[in-house]
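There is one chain below, alone, in structure tokens, taken in the form predicted alone.
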């Protein structure tokens, strides 16, 4: 009976240890997107980008050891394409989605209620123009808004702090930078008349301060 009891305790401890390896959480924040330079040979210059908007998402991860974990993450961005130049601006309805896998390095959560962590990963970002196209658009000499979607490869980097609220519940404050190529199908350069060339910047950055709630099980 003692042997059976010891075996049961070992199995229970093993199951608990296994259960502690997984985590799930929710994400909330605000996305601040960079703009890219738009230059033309005859019509001057402008900027193209996306408006500031709310960000929400979720993640599922596994604690690999005391310092490393891996996460599959999804974020939804309420953001609108925009053009600015010649003292005016124009915008279009739109959203974006990010799906990526990140590696997380953090201090040992067993020894401190507050930890620093750094994250790096990659995946894809999907840009969607959702407005109704119009025959005439302001600043159309620099670009057109389109009701389409475009997928771009994305790099995710960031870091922050983890606060232990209980044995299973954690709070994160962090900032992420989602780096992707600019989606020139959603804000597309105009057809170039003879003698005019339109050039867009290549890289779009999206800084997102966020707060996460994480449950470990």
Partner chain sequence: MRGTRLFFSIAMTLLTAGAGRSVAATFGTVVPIGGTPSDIALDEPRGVLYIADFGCACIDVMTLADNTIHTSINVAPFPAAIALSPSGQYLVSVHYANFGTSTTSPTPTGGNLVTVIDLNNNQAQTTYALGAAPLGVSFVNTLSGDQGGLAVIATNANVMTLDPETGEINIVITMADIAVTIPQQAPNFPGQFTEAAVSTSADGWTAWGVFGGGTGLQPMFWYNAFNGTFNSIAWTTTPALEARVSVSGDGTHAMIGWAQFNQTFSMVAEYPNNVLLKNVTGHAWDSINNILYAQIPDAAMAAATPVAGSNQSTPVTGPLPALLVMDADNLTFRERLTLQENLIGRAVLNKAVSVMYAVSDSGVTILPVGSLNQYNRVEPGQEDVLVQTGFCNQSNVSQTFTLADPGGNHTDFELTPGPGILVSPSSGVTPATITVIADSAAFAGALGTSVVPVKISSASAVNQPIPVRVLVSNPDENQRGTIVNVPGVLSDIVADTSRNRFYITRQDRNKVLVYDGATSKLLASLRTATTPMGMAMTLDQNYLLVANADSQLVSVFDLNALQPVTPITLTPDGSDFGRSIAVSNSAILALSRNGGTDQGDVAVLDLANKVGISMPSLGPWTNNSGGVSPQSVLSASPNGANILMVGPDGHVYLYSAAANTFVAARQDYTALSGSYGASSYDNYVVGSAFLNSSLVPMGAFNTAGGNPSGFAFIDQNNAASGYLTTAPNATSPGTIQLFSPLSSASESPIPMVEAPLLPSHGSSPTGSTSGASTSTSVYPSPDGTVSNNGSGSNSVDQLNSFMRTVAPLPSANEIIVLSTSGFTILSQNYAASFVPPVITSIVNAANGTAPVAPGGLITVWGTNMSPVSLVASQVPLPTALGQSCLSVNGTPVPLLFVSSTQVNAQLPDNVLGPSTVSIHTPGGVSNSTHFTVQPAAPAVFMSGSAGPTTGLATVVRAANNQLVTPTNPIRPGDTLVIYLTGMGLTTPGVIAGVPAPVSPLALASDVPTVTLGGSHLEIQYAGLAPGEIGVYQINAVVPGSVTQGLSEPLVINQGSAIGANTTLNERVVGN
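Bear in mind that the values here come from a model prediction, so they are computed numbers and not experimental data. Residue numbers count along the first chain shown, from 1.
One more form of this protein exists, namely the form predicted in complex with its partner chain; it is left out here, but the text below deals with it.
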query	finding
Contact assignment for its partner chain in the predicted complex, among 149, 152, 67, 168, heavy atom within 4.5 Å	149
Contacting member of 189, 159, 53, 26, with respect to its partner chain in the predicted complex [4.5 Å, heavy atom]	189
Partner contact for residue 145 in the predicted complex: its partner chain, 4.5 angstroms, heavy atom	yes
Contact flag, residue 108 vs its partner chain in the predicted complex, heavy atom cut 4.5 Å	no
Residue 140, heavy atom within 4.5 angstroms of its partner chain in the predicted complex	yes
Interface membership of residue 133, its partner chain in the predicted complex, 4.5 Å heavy atom rule	yes
Per-stretch contact check against its partner chain in the predicted complex, the hit in 181 to 189, 28 to 36, 159 to 167, 53 to 61 (non-hydrogen atom, 4.5 angstroms)	181 to 189
